[in-house]
Each structure stands twice: as structure tokens, then as C-alpha cells.
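A single chain, nothing else alongside it, follows as C-alpha cells in the form predicted alone.
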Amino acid sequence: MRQTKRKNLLRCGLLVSFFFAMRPVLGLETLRVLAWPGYADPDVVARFEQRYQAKVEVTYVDSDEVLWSRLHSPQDQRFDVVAANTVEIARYVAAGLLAPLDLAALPNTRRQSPRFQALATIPGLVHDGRIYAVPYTYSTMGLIYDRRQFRTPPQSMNVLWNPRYRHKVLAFNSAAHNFSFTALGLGIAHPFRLDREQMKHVTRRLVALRRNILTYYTLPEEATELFMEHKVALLFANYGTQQLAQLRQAGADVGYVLPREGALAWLDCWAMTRTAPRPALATAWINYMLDPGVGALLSRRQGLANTQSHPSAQESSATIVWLAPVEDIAQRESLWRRIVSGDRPERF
């Protein structure tokens, strides 16, 4: 009888121990992340889940327009953190979609290079003295070219219009960026603030570019596949060095140049949404993503710069034009839809 009682007590003890051991797993909080491909690889996510006894659900986007619609939609106001460029961050703050961050809860920001610690000097991140995002990764938007089709590297963005490369150019499907880089190529001093005449000139220039366009891509993986399959000569690299790395991994003999007119560049940051159901976990995620080990992994796998790294020699010698808010995004998007759909040139 005593032995049976001891067995029952042992059995109960094991059950209680099992319950307490499993309690963090059974009660997992779910962090919902909105980001670009390559920013939250499964093993990186798994380590965070293990460290914080949480579950992470990542939703990927392929354009700024999709990012805005997902974050702005009432049905999607369930995300905790978002990765977006500085222009979009400013847009989200103006729309009341983001919550301010506490740098004291983000100790890894102190490991970043000085230019990324000076948040007040980066447009879009600080509003009314409050910080709404911290830098994560960045890249220039250069030209990727097939070395076999160029005797010397191209020097100007205007090479995209060269009739020699008819149907051999890949362009990124984006209203904002295409108008801006075209304006740079035309020598317009303020590519993000086009007046009426400049907008008309840039629009017609983009219509003319259609003769050389094979197609428009959205994701870097899609561009790599198209580049290899169709023997593309030139690619406007919206994802910059990330695409260069992917193409070289695929066996392409390609080079990368920053045009003499200047190269657009984006800086992606992590931010917390105003409606984040789990703000403490969201803050932990942002700090975790700024860990030097995570940054090094991003650079090694994606070919993107992290905020602890120093600029390359090519980048240091080029004219870098950081993205800024445009004069009228709705107008650019409306015109871009007409351009992509094949609207006749005389209608612009």
C-alpha cells in the first residue's frame, strides 16, 4: 500500500513537473512581423523564439505599396513590428501607425556605427523629439550589368535607354523610385520634388524606356531568374548589392556600378506599430535584430550592408542620394500604372 502511494506521488510529481516545463510553450505569445524577404530567415527567427519563449509569424511584402496597404488596412492592424525605409517610416508616423521607441530598451543601438546612432540627422526617424524607428540595413540602387555584353562598365543611368539593349533591360515595378532615378539621369537637382513640367518630361522618358524593357520585377529572386533565363544585359537593382550577391551565387558574370549622376539609396529600419499587442516582445525583437551577429548574417547571406559595417570604397566615392518623400505619391502611382499598362505615348 505504501509502495503504491509512493508510485502515485511520483507519478503526480512528474505530471506537475511536465506541466511547469511545458507552460511557456503552451502559453507562447505570438509576435507578428511585417518585413522584406531575407530580413528574418527561419534560423534567425528560431533563435529568437527559443530565447524569448515566443512564436514569430513573419509576413513578407514585395513593394512599398503592398507594405502600406498591409499596415494601413484595418483588417491587418495586428502586426507588432515592421521593417520599412525612412520615407515610409515618415509616412506611417504621419498616419499615426507607429509607436515611439525607448532607446534605453534597445542597448544594441550603441553598437551601431556613429552615422546610424545620430538618429536626428536621418530624415523620417525622429518626430517631435520622439524616436519612431532605428536603422537596420541599407543599399544603393545601382546598375547590374552582364560583363559579357559590355566591353567596359556603364557609367551613366541613361544607358538603360540605349537602343542596343532593346528588350534586354529589367526594371523594378515601383512608381516612386523609377520617377526619381529617371529625374537623376536627366540632371534634375531635386528628384523627389518634381514640378509640373519636370513630371511631364520624366513621364515621357519612362514611356520611352518601355522599348528596352523585357519586363518589370518585384522580388530579387524573380529578377535573378529572369536575368539568367533571358540573357538580360542591364538591371536596375532596386535591392542593390542583395541582387548582386544572388546573381553571382546563381553563376552570372555580372558587375555593379553606381551611375555618375548619383545613385538612389534606401535605409530600412525597424519600427513598432501603434497597435502592437505585445510591445515588450516587439522591443525585444528590434533589439535582437540589431545584434552584430544577426547583422553579419544578413550581410553574408543577402549581400546587404548592416549598420555596424563601414561603406565600401565604391560607395564612398559615389554621389549617394538617400530616399526622401516625393511631391505626390498618388500622382506617381497613377502615372506609373498607365505606363506599365502600355498607355499610348501621345496620351501623356
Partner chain sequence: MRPGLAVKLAVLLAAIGILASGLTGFFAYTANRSMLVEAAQRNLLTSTQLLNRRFAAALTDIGDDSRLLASLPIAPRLAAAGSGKERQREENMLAQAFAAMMKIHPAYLQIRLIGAGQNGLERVRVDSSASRPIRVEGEQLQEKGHFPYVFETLRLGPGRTYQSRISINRENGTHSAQDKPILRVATPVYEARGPALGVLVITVDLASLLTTLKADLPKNYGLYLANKWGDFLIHPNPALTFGFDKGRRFFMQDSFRATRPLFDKGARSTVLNGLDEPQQAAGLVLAFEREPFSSSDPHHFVVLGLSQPLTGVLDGAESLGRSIVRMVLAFSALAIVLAVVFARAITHPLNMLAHAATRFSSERAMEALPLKRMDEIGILARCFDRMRNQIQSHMAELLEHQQEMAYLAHHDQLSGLPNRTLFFRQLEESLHSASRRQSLLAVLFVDLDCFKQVNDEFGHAMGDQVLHTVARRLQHTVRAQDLVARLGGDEFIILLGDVSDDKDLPAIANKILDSLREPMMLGGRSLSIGGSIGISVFPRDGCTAEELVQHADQAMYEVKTSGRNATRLYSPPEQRTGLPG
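All figures in this text were calculated on a predicted structure; none of them were measured in a lab. Residue numbers count along the first chain shown, from 1.
Keep in mind the form predicted together with the partner chain is missing from the figure; the text below concerns it.
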**Message:** Residue-level contact is defined here as any heavy atom of the residue lying within 4.5 Å of the partner chain in the predicted complex; does R211 satisfy this criterion?
**Reply:** yes
**Message:** Since only the chain is shown here, I'm wondering whether T215 would be in contact with the partner chain in the predicted complex (any heavy atom pair within 4.5 Å).
**Reply:** yes
**Message:** in the predicted complex, does L119 come within 4.5 Å of the partner chain, counting heavy atoms only?
**Reply:** no
**Asked** Even though the partner chain is not shown here, does D62 get within 4.5 Å of it in the predicted complex, heavy atoms only?
**Response** yes
**Complete:** Checked H72, R205, H127, H230 for heavy atoms within 4.5 Å of the partner chain in the predicted complex; positive is H230
**Proximity to the partner chain in the predicted complex (heavy atom, within 4.5 Å), stretch among 147 to 155, 178 to 186, 222 to 230, 129 to 137** = 222 to 230
**Asked** R111, S113 and R300: each with a heavy atom within 4.5 Å of the partner chain in the predicted complex?
**Response** no
**Prompt:** Using a 4.5 Å cut-off on heavy atoms, which residues of 151 to 171 contact the partner chain in the predicted complex?
**Reply:** R166
